[in-house]
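Just the one chain here, the form predicted on its own, laid out as structure tokens.
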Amino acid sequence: MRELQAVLQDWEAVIGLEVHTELTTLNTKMFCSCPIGFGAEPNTHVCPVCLGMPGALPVPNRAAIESIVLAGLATGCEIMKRSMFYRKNYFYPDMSKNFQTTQGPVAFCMGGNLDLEVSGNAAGERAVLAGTRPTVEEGGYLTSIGITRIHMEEDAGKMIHVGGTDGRISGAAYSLVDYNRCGTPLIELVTEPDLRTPAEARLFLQKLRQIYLTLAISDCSMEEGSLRCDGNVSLRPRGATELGTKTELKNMNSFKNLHDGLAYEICRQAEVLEGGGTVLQETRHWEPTAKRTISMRVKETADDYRLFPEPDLAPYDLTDEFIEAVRARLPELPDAKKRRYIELWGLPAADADNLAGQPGLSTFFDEALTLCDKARPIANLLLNEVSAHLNANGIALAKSGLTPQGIAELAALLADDTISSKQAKEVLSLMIESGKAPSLIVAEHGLQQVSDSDALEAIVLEVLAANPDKVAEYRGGKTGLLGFFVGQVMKMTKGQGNPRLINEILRKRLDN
């Protein structure tokens, strides 16, 4: 099978995504009062409504409607004032009433778009950049991805398969069903087939996740299944306009799996077509351990679901007042936040993007900036030392014991050369351990940086006098020895010398 880059030279991939997101920040399910929660004992969060018992009637969750309108406004969709629910019929144990309540042709949100900035290695996957606008970063480009719709539906239950090839019990395989998830409010975003590479698909899902997290409508945990993505992909020869036969990929439950699953399927379809075969319209399953897709079933059509209007729910008529009240709740979105960080605070684009995409971290950053205007030191601390500590210990920033006041004070000590970056790491560790203020820790542990230029110059002269051979080699062209001299001076200052001043003094003495 050929590599993806080679395939994309001859074939154009046409990719669309279906992104399912559980509204996990709500307290109850879509049409009943059962609580929402991951990890509860099986079948303990159920009632006659979500189990579809005869005579049970659904009652809509207003907060869920507000959440989907928020999602639509944040992605440039038109909010449809009138829409309704339908019954999507299918016979499968994960939905005990044998139909799913979903929306029909007109959803709450229609016709939006998201702009993607594709750069670095991701830009390299796109063999032809026609129709895109170049960005300031060389080799990168901008592309706009259309959003067909965002509709509301209820989630299905969870099937647990026991036995089979993984070890049969008493010689027979069987399945269990947990209906706790059944009826959880779920929004599905469907894109236009505007994506052209697996990298673009991954970037789109990452950006959508950032938006949903900023809106606080879902925890977007791919590990727990609250954010799930299916991909539709087809191939056509470069320059052709007619769409090829598409396949739908399931089980892409991480950003890496989304990329790798689409990449494999593109290469597989190319091999089939180049061998004179025909691509079947089917649903395929991505196997991450085997790094392949396998056929699951022939793809259904809309007619197979026998959609008809839900008789137990009246059509929705959203008022202008309702829509504007939801619009007023829109927070600053990641793209706007990124621009503010770059234009107002001078952060590098990569740092601004990283901060803007993490709501908790960006809020912490903004609060610290109200106490200290040293944006770069604060950003560096949060994105490097603080993030490394959180990741290593598996804890959230809110539970770390760190405060915006503490980080602002630490950044100020760094900015005025009271401490070095190496000392800042030590101070941060002691802040987490003791909860004390940075200035107090610096004073107690004698961590002040030596920035007395006269004292440092005397030490520099002593080091140079002790190493005349190295001085001669440096002046003979071995300028890499500067690091040796810096190390010797730092050793004599017990690691507390100001590295910037030491470098300046050494260069002045060695170069003259």
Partner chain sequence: MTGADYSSLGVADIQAGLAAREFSACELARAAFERIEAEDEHIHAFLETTFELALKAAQRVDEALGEGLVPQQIGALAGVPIAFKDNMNQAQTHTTCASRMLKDYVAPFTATCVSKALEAGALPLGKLNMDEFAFGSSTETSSFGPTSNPWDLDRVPGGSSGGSAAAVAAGFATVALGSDTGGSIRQPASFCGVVGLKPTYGVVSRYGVVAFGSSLDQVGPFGKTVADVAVTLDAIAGRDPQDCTSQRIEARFSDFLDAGVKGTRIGVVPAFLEAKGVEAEVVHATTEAIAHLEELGAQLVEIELPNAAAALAAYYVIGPCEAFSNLSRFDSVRYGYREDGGRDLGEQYEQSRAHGFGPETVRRIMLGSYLLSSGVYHMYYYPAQQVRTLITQDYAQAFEQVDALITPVSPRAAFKFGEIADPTSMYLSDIFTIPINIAGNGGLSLPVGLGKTSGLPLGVQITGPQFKDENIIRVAAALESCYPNIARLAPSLGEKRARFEGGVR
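Positions refer to the first chain, counted from 1. All figures in this text were calculated on a predicted structure; none of them were measured in a lab.
The discussion below concerns the form predicted together with the partner chain, not included here.
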When the contact criterion is heavy atoms within 4.5 Å, does F364 count as touching the partner chain in the predicted complex? no
Exercise. Tell me, yes or no, whether K207 is in contact with the partner chain in the predicted complex, where a contact means a heavy atom of each within 4.5 Å.
Key: no
Contact of S96 with the partner chain in the predicted complex (heavy atom, 4.5 Å): yes
Report yes if any heavy atom of L57 sits within 4.5 Å of a heavy atom of the partner chain in the predicted complex; otherwise report no. yes
In the predicted complex, the residue from S429, S439, N89, S400 with a non-hydrogen atom within 4.5 Å of the partner chain is N89
In the predicted complex, the residue from L369, L215, L313, V326 with a non-hydrogen atom within 4.5 Å of the partner chain is L313
Assert contact_stretch over 58 to 66, 459 to 467, 475 to 483, 439 to 447 against the partner chain in the predicted complex, heavy atom within 4.5 Å, equals 58 to 66
